[in-house]
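Next up: just one chain, as structure tokens, the form predicted alone.
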Amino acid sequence: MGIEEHRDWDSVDYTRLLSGDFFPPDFMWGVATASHQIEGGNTNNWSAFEPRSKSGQLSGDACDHWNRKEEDIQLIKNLNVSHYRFSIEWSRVEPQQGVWDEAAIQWYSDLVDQLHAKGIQPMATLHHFTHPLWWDEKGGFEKEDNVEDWIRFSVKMFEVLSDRVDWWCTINEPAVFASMGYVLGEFPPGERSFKKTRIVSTNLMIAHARCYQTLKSMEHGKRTQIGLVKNINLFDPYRRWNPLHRFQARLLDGMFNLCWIKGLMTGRFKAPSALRSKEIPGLKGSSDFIGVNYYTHLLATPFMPTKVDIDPLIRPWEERTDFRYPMYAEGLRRAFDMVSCLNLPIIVTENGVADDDDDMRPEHIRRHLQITGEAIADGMDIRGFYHWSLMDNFEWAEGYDQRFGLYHVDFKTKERTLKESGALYSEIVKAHRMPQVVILAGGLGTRLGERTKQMPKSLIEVSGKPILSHILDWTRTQGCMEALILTGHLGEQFDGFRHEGMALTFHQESEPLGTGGALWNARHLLQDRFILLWGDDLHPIDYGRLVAHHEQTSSPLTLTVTTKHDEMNLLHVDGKISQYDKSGSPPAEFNGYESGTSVVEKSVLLEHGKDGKWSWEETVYPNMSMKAIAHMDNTKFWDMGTPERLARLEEFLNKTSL
């Protein structure tokens, strides 16, 4: 159970949330949704159950996301997040057993493509509480034989999407599915049966293990990251001195949390209320990460309510959410501690609060991100945070009475409006996000022989893969999640190129335009600030320091400059670029070399750009004399422009792991 810590939150300093260095540069900032809660028009086990649910409300059109996909993707983009967790509605994909709806499958494929186009990495969930009516009529997870139907669906979607989706969740909150559906009766099928709870719980773990092992054996399986999502609901004794309260808390903790975690760790699963554990083939080690959904803690007594609509006990100083349970951010650290025994990367796959008027959510975000940042500082391997939810939606048995969104939804007009909490989350995320990377990758190698006369230098293999892949390896470590790759006029040679963990956008020219012309040609794809790289140079510098220097000087253009080079091509004076000349015969007073990584405000391109073929360096740098800032960094950079330099780069990469 852990120690029930309570902080004086009024004394907590939140300044690091906006410092830009509280979270790792490659941290996964995201928002999450579930298909049935937002899509609208679904026919599944939940839609059939809704007339009998506590609220009696029908999901109906929900948020009409099925018809507003493009609008909602832009809402995600506007939050500055890099990742989006969604679920795939099985009942849409396979409305009848063995009958695939190709239009629905294409909708999800288009969703993934459109997310990538906006620089957002998708995370797909294969089961988030819903399944088709035909499968429900077969008994769903009450029968082990039925698991193969769900595996077949999972395989189908993995075949379609795994070339573009790197992150997969098998089953969302199996303990919630089992307990709410078969203990409390609040979820379908609305039963109260400990026997069925044991059976369903076991089959959920069997399904997860089989799904994991099956998908990992498929094409792209080794590359993708697949995990189980576990809701951690802490149970604390209402009176710690009372042995009955402590016993009840331990009992509930074991049934709701520990038996599932231990099953993943050992491969033997003891279902809630079961007397013996069961060996489940493939369960041990069946997650590449553990998804943690965390909302609250519950105070346990032998007489605690067994109905959700009865207010749970809270401490006198705790504040109730609209869901009536308390806001208890301290418990998120305890949830991390609880799953740490798995020795897996941790991702907060859901965290949010029911708050109709948005007066609690800003503080909820600050507290839970503060806890997460502190845990990372203490050495915990926490890879990401997905806020629940992107927008207000259909909250299962609560219907539309509980609002969790960063965007308010008018359920009559479907209008979305950003809340104060959404603006805060976006601000925190933006403070920790690296700018877009733009790579000039279309240049041909005039000095590298026959192979580069019709092949961009960025595609030349060095140490087993194109130098472009090595460049992206480094940018990814620096927290860059999206890259615009300018491919020149031979862009078809980049077909099929991808990079794990990054969203890539390619832009081709109809004819050679030079470095400046390539940027001008792609100006509609450029963000207001971007990191500019050359596709044939590898420059493993600290981007964080470079971007910080750029921001501190309020510079429109910051160039990385080295003094450790065998030739010079610029003069820097008082930290600014005074002159630039790459003709090969620099004046004697030149004292630096532009080493290939710069931060650019788009306004520079819009001011100095033009149609046609032109050179970025030869046009912009002279016009920015004493306006462009020099960022001094003598980190070795590698230019593969000649056979000799290419050989040195090959030697470096064979010896060094980026």
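Note that this is a predicted model, so its numbers are computed, not measured. All residue numbers refer to positions in the sequence shown, first residue = 1.
Not on display, but discussed next: the form predicted in complex with beta-D-glucopyranose.
- Against beta-D-glucopyranose in the model of the complex, the set Gln37, His128 and Trp388 is in full contact: each member has a heavy atom within 4.5 Å.
- Though the partner is left out of this view, Asn172 does reach within 4.5 Å of beta-D-glucopyranose in the model of the complex, counting heavy atoms only.
- At a distance threshold of 4.5 angstroms between non-hydrogen atoms, Glu395 is in contact with beta-D-glucopyranose in the model of the complex.
- Interface membership of Phe323, defined by any non-hydrogen atom within 4.5 Å of beta-D-glucopyranose in the model of the complex, is confirmed.
- Of the heavy atoms in Tyr295, some are within 4.5 Å of beta-D-glucopyranose in the model of the complex.
- Contact annotation: beta-D-glucopyranose lies within 4.5 Å of heavy atoms from the stretch 395-403 in the model of the complex, the single such stretch among 131-139, 395-403, 550-558, 505-513.
- Distance criterion of 4.5 Å from any heavy atom to beta-D-glucopyranose in the model of the complex singles out Asn231 from the list Ser287, Asn231, Thr202, Asn521.
- Contact residues in stretch 342-366 (any heavy atom within 4.5 Å of beta-D-glucopyranose, taken in the model of the complex) are limited to Glu350.
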